[in-house]
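Just one chain is shown here, as structure tokens, and it is the form predicted alone.
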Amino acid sequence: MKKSILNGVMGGVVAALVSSAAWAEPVDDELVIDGDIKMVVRTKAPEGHPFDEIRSGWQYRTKETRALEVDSFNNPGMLRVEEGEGIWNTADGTEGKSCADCHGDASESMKEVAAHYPKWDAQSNRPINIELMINKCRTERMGAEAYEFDKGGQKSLTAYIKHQALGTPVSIDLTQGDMQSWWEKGKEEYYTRTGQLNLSCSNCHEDNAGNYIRADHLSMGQVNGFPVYRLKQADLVSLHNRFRGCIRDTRAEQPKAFSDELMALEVYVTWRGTGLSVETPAVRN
């Protein structure tokens, strides 16, 4: 009885925040970057997805925000990508190696790589994302210290590597190792209500996709553009930073970055965007 009352109260909170009158369809504009790279911003959802069609968060943004992503010269996130290129070519650690020493020209060696992460890592017996793969290379190949979460060159180097896959459709392999069970864990977390506000990811990005919450237009919560440049922070924001921020906003305890909870969520949410182009660095509110 108490639980049903609580759910009713919190449902009222959501109703107060999200006005049914504030519905607005996403735009149908096409995204072509630099007049050359045509992006997939809407596509048929993968089998088992709650939506029939999925859309990039780019289509939910204002005209002015969308315009920033159309031209790389105007995209403020590209400054961090350029910084990442410098890190890629800089030797570090006791081995005196750079990323380029092993992988060469990133535009070739990393061309489609990021579109297929997270992947299964047999050594750690869990999924691994680009940030963790960078740290693995740093500690095992370069003799360098692992980056702390969101510190050092982690965001810039991640953005640089992901940018090489610009335009490539997202596709992760759930048949690798135990990826399917992590997908299932991530799905459970996506639909689990947390915090004092008793909200789940699905309450915003599924139940209310297309509605306005305060001054923000709720998208389907796709992650194909991370790290994204958020105008609010005037900087790149990593995926796990955004996960933690959403959880914080429900007034729940935040899991640590790269924890099992957030890695499972990354697997599931990445899958939800299957077929959308990698947009890194996307520009969002």
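Predicted model only: the values in this text are computed from it and were never measured. Residue numbers run from 1 along the displayed sequence.
Same protein, other form: the form predicted in complex with a small molecule, not shown, and the subject of what follows.
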Contact segment among 148-156, 172-180, 98-106, 75-83, judged by heavy atoms lying within 4.5 Å of the small molecule in the predicted bound form: 98-106
Proximity to the small molecule in the predicted bound form, single hit among D260, D235, D29, D216 (heavy atom within 4.5 Å): D216
Candidate from R242, R42, K38, H49 lying within 4.5 Å of the small molecule in the predicted bound form - any heavy atom: R242
The small molecule contact at T168 in the predicted bound form, heavy atom, 4.5 Å: no
4.5 Å heavy atom contact, K136 to the small molecule in the predicted bound form: yes
R126: touches the small molecule in the predicted bound form, heavy atom cutoff 4.5 angstroms: no
Interface membership of H205, the small molecule in the predicted bound form, 4.5 Å heavy atom rule: yes
